[in-house]
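This text opens with one protein chain seen in two forms, each one given by itself as structure tokens under the names structure 1 and structure 2.
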Structure 1
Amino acid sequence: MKIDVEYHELITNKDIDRRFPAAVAATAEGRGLYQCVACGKCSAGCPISDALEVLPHQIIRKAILGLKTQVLSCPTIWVCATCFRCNDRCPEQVNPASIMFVLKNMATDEGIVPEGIQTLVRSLYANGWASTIINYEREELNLPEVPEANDTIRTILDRAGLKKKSLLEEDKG
């Protein structure tokens, strides 16, 4: 069982971006942000809550407080199973899973994307599906090379702006 110690964190003015909650709430998916009463029903129903560093209701609360850096750099937004159980359970129609999409998009715009996600996006662009198995591993298993994606898939991904968001660049670190 997790003990919620989040509210005992020391928050200073430099941690707060006062425009962040309004930016989240201004999106179609984030419009319920300010409705959250931190009841925790979303977290209680989350099937992967044991694997999360920060629970869904805590992410929402941090977003309302304007803790942009903490929220956008939190692995929870990327680990969300997108089962929408939290949306179904929310008595205030906050729609936490939908807000997770907003937060992922904002994190991507800020260049805060976990390397594993970037690897999957590069594979999707190159091969047409998200796979981390590369050809030398397939060769070891006596499998044929992964075929390249067709132009239609790349066109769709280009229109989605993946290149602009630097998701297709190799890690420079």
Structure 2
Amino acid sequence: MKIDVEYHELITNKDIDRRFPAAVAATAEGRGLYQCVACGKCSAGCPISDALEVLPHQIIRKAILGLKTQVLSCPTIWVCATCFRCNDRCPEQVNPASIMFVLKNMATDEGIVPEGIQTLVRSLYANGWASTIINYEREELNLPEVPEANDTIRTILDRAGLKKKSLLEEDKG
């Protein structure tokens, strides 16, 4: 008798970075990581679960297992709509949405940032605003003009250690 066994991705030791989950859990927003009981409630309520290849609870599980490369290169963390429904519904205060923020920060450290996000950060750094302010439209509404960007915002971002290499430099290859 032939039994068809479908092998899901096999995890090997070289995929595992044992320091990774501890690094996530050491951040202010990531400290709930180890509390996950894999109940799947976060994924059940996620409004984009139908479009995700890797679901929120799988991201959390992979992070706990130390699958750093898989997690940081996974599109799920970036298309998460940050609706925070999973944070509210998780029975174990894992705060999956907050953990995705931590993972996106870590992906940024590795130079993995979607172009659309980079554009917004670049605009904020250059102009002080993420979106384009149209002064003639403000005039029609009798609103005062928005002044030119001053250096204050740039100074604050610099002092806070903005990851310029990942966020401001065009086309990192």
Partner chain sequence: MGLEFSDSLLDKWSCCGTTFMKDTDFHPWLALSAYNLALSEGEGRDIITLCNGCFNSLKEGNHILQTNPELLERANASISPLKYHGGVRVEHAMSVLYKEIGLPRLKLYIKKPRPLKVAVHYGCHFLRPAKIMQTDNPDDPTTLEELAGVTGATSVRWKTQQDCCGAPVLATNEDLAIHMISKKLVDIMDNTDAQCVLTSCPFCQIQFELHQTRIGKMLNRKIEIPVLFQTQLLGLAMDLEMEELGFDFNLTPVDSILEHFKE
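By rigid core we mean the largest C-alpha set that fits within 1.5 Å across both forms. Please read these numbers as outputs of a predicted model, since none were measured by experiment. All residue numbers here follow the sequence of structure 1, with the first residue given the number 1.
- Annotation: structure 2 represents the form predicted together with its partner chain, while structure 1 represents the other form.
- With the core held fixed between structures 1 and 2, D15 has its Cα displaced by under 2 Å.
- Core superposition gives I156 a CA displacement of 5.9 Å between structures 1 and 2.
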